[in-house]
Structures are given as structure tokens and as C-alpha cells.
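Two forms, one chain: they're shown below as C-alpha cells, one block per form, named structure 1 and structure 2.
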Structure 1
């Protein structure tokens, strides 16, 4: 009798555990599924809201929005008129080409400057410095990555910009006026505000992100593979290019895209150090702005438009910025997949 009761109790406990396991499995499946859907719903909601606001501006501005360099709210005291179903002020016209060009130019400067510095810093941290010093420098990188962009922008306008204008830019202007050094000719302002300063500030924001990622990837490279490459006659440089570089390149590309996304969408820092001028820059030192910075600096005046058309044009600019970001991410995903498939760790002098 006692044995039967024990068997029954054991059976009930087993059934209870199986029931709990099934419930936990369902909760895990549904919970992770919901977590995966939420970001997509958020992205879709943003696109829908921006489209709803921007459709009148898209109809009125047309393709001229991408080619024109004129950005004016028009006559605020005039009688609103309707064109193509869009109510707007007389003389109101919006051309985003300077904003688009400024966004791409500043981000390009940032990536060109940041990538070699970030990857080089990661290699030194992992391959050259003692672990104690490398850990301290790595901590500084992580702290730098967490500094708010407003603080970096203030540093850029009060310290970096004037320093570059006093000591660096005069030297760059003395370079031969031939390709590619010709871009450094054209004059700069005394406080250093402009495209090049903005790109360098963005580079300062990207470097910690890329360097930290590259450092972590380098630490995951199999030690035996590196030692085997050197044992077969490779120099340390050849070993790095053949083994470590192939191992980390897809991850570094992904980190570069994350940094580029931050550069494309940066607002306050760019607004502070570039001059926030809604026109094409005549040279690499010229004042300019980006889409994100223009949205922030123009939103207050746009809200003074009684027709709301200025805000709708800013929504159209935001759609353009979102499209640029999505295109960059799509291209980067293809590159990452391509390099990931090609990732091999050959050993030997002839392995390239």
C-alpha cells in the first residue's frame, strides 16, 4: 500500500515537472517571438507617422527637394496658398541637397579618420601593451564611448576647433595645391567651425565603439593558429594580415556600420561645431549642417509656420535620413555576409 502511494506521488511530481517545463517552453517561445516583433513594429510605426506627415511636402517639393539648395519658410505674414493639395506660405521652398551632402561628407570624413585609428588602437591594446596597461586604456575607451554627444560638442567648439584653427589648419593650407591635397585649400574661420572639424568630432565618437569591438574580436582569435603561422616562418605583420585580419574583418565592418549610423544621426555635436548653415560648403573647412542637425535647429522656427508645411518638410528630410541609414545597413549586411563566408585561417607564406 505504501509503495503504491509512493509510486502515485512520484508520478504526480513527474507530471507536474513536465507541465511546468511545457509552460516554460511556451513562455520562452512566445516571449522571444514578441521581443523580435516589437522592434519591427516600432520601425513600421515611425515610417507610417513620418509618411503621413510628409506626403503633402513630397507632393509639393517633388524631386527638387533632392536637388535644390534653397531652404526658406517664405512670407510668414502672407496669405497661405494651396499647391497640389498642400497648403503653404507664399514663397515657401525647401531643398535638402545641402543637408544630404553635409550628412554624407561629414560621415565620410569621420569614417576615413576613425577606422585606421580604431583598428590600430585595438591591435596595440591586444598585441603590444601589457595586460594591466591594456586594461586601463580599454577602460578609458569604454568611458569615452559613454560621454554624451553634447559634452563632446562643447569640447569641439571650445577646445578642438580653436586648436585646429591655430595649429593644424594653417599647416594643411600650406600643402601643395594638387590632388588630393587641394581639398585643404580655401580658407577657414578662426574658431575652426566647419566640415572638417565636424567630421573629426564624429570620428572621436566612432573610435571607441570600433576599437572596443575590434579588441574583443582580436581576443577571440585562436592562439594556436597565430603561433602556428609564426612557427611556419611568417613575420608578426604577415601573421596578423593572414590570420587576425581575416578573423575580425566581418565584425569590424559591422562595428563600422554602427559607428556610421551614429555619425549619420548625430545632432547636437554637429550643430555646435559646423556652424549650422543651410548651404553647400565651398571647401572642407566651410560651415554646413546635416539632416539631423537641421531638424533640431529648424524645428522651433518651423513650428511658427501656421500651415504646418515647414514641419512636414522636416518630416520628409527625416524620411530621407532614414532611407540613407537603411541603405547603408543593407549594404553592410551584404558585405558582412560576404566576408564571413570567405573567412578562413590559412597558414603559410603563400596563403593569401
Structure 2
């Protein structure tokens, strides 16, 4: 009798508890689930916002947006004209070729400079130097990744640019022209604000990512394979080329492409150190700009366009930039994922 009541009571209690737990679980799943949807919604919202703003500009600018090199707001005080439904100022013309080319050029310079430096540093760090130095350099990489780009930009203007223009570029310019397209030539080495300086600053920003990835991968190379190389009488260099290099290759390439994506979108440092000129540079020292830097430097004057068409054209430029970085990142993710699945290694984890 007594027993029975007890059982009934506990079952009542446990039923209530189970219900609370079920509600709690449901709340948790829906709560975290809605948080998980937010990045996707944000991404979709950004694409929609940019497209809505840019469509009149896409119609009016046409393909000339990708081929023309003239970027002008036109007659700011003229009467607005409507062409194909898009209201704009007379003489307004937007050609983004210098921006697109500048974006690709500066990132190319950055990746060419950053890759060997980052990998070389990681190799000597892991293979030859003691752990304490490794820790110090690790801190250096973290700091390098963490320094705000505005600060790096200021340093590029005040310290790096003038130094390069005074001591390095004149020498480079006198070198025999062994490079294709005569990229180091054209005579004028400028004041240190230009493509090469911008590319070097971008390289500094990629290096932490690539170097820390290469370092982490090198640390995971199995000792046995290295011993095998040693047993065959290889020098350490040969052992690196045959064993470690193959082990880290695709991971490092993936990290480099991720870094490339970051370089393509870097804004403030580039706006500061490249001179921000909406033109193609005649040689590798000249002033230029990128899409990202142009958006940040041109929006002020674009707001002066009463028809809003300049803002629309900048939205089109932003859309192009977004498309480029999305493609690059998709490629990088595919490379990294394939590699990570093969080796179960963390790849492209940020140094920051």
C-alpha cells in the first residue's frame, strides 16, 4: 500500500521532470539553431543588398566596367540624365579595370614574396632552431597577425616606403631586365607609395597564416620517414625536399590561397601605402589602388553624387570584389579540406 503510493509519486515527479527536460532540450536546439542560421542569413542579406544597389549600375556600365580605365563622377553640378532607367550625372563614367588589375597585381606580388619567406622561416624554425626561439618567433607571428592594418599602413607610409624608395628601389631599377614584361623598369621609382610597397605590406599580412600552417604541419611529419631519409645518406636539404616538402605541400598551398583571399580584400593598409590613384601603374613602383581601397577612399566623393549613381557603381565594384574572394576561398577550402581529410591535420588555422 505504502509502496504503491511512493511509486506513483516518483513517477509523477519524473514525468514532470522529463517534460521540463524536453522543453529545455527543445529550447536549446531551436535557440542554437537560430544562431547557426544567422551567418547564412547575413551572407544572403549582403548579396541581396549589394545586388539591389548595383543592378542599375550594372545595366548602365555594361561590360565597359571591366575594360574601361576611366573612373569619373562626371559633372557634379549638371542636370541628372536617365539612361536605360538609371538616373546619373552627365559625363559619369565608371571603368573598374585599374582597380581589378591593381587588386590582382598587388595580391600576386604579395603571394610571390610571402610564400618562400613563410615556408623558409617555418622550415628552419622546426628543423634547426631550439624550441625557445620557436616560441619567440611564434609570438612574433601572432603579433604580426594581430597588428591593426591601419597601424601597418602608417608604418608603410612613414618607415617602409621611404626606406625602400631611398635604398632598395634605385638598385632594383638598375638591375638588368631579366624579368618578363619589364616590370622593374620604367625609370621612375616614385616615393615608395605604390604597387611594390603595397605588395610587400600585403605579404607581411599573409606570412603569419602561411608560416604558422607550415610550422604546425612540419611538426607533425613522422620521425620515421625523416630517419629513413637520413639513413639513405641524404643531407638535411635533400631530406626536406623529398620527405617534408611533400608532406606539407598541399596544406601550405591551401593556406597560401586562403592568405591570397585575405590579401585581395585588404583595405586600409593598401589605401595608405599605394598612393590610392585610380589608374594603372606604368611600372611596379607606381601608385595604384585596389577595389577595396577604392571603395573606402571613393565613398566620400560618391556621396556628393545627388543621383546616387556613384554609390551604385561602388556597390558593383564591391560585388566584383566579393565574387573574386568567394572564388578564391572556395578553391582554398577545397584544397584544404581534401588535404585535411587525407592527413587529419589542422590546416589553415589562423595564427591570430
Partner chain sequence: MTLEAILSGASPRPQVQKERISRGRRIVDRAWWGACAISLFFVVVPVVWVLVSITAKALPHWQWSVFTENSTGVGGGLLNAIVGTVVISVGTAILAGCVGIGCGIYLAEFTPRSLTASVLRGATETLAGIPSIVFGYCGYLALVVGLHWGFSLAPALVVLSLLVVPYIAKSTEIALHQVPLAYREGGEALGMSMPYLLRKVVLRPALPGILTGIILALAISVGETAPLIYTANFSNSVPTGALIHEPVGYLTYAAYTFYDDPIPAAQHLAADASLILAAMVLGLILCSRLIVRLTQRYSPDRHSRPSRAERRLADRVGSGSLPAPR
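Predicted, not measured: the structure shown is a model, and the values here were computed from it. Numbering follows the first chain given and starts at 1. Rigid core: the largest C-alpha set superposing within 1.5 Å between the two forms.
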item: Selected structure - criterion: the form predicted in complex with its partner chain; value: 2
item: Core-superposed comparison between structure 1 and structure 2, residue 232 Cα displacement 2 Å or beyond; value: yes
item: Core-aligned Cα shift of residue 330 between structure 1 and structure 2, given in Å; value: 3.6
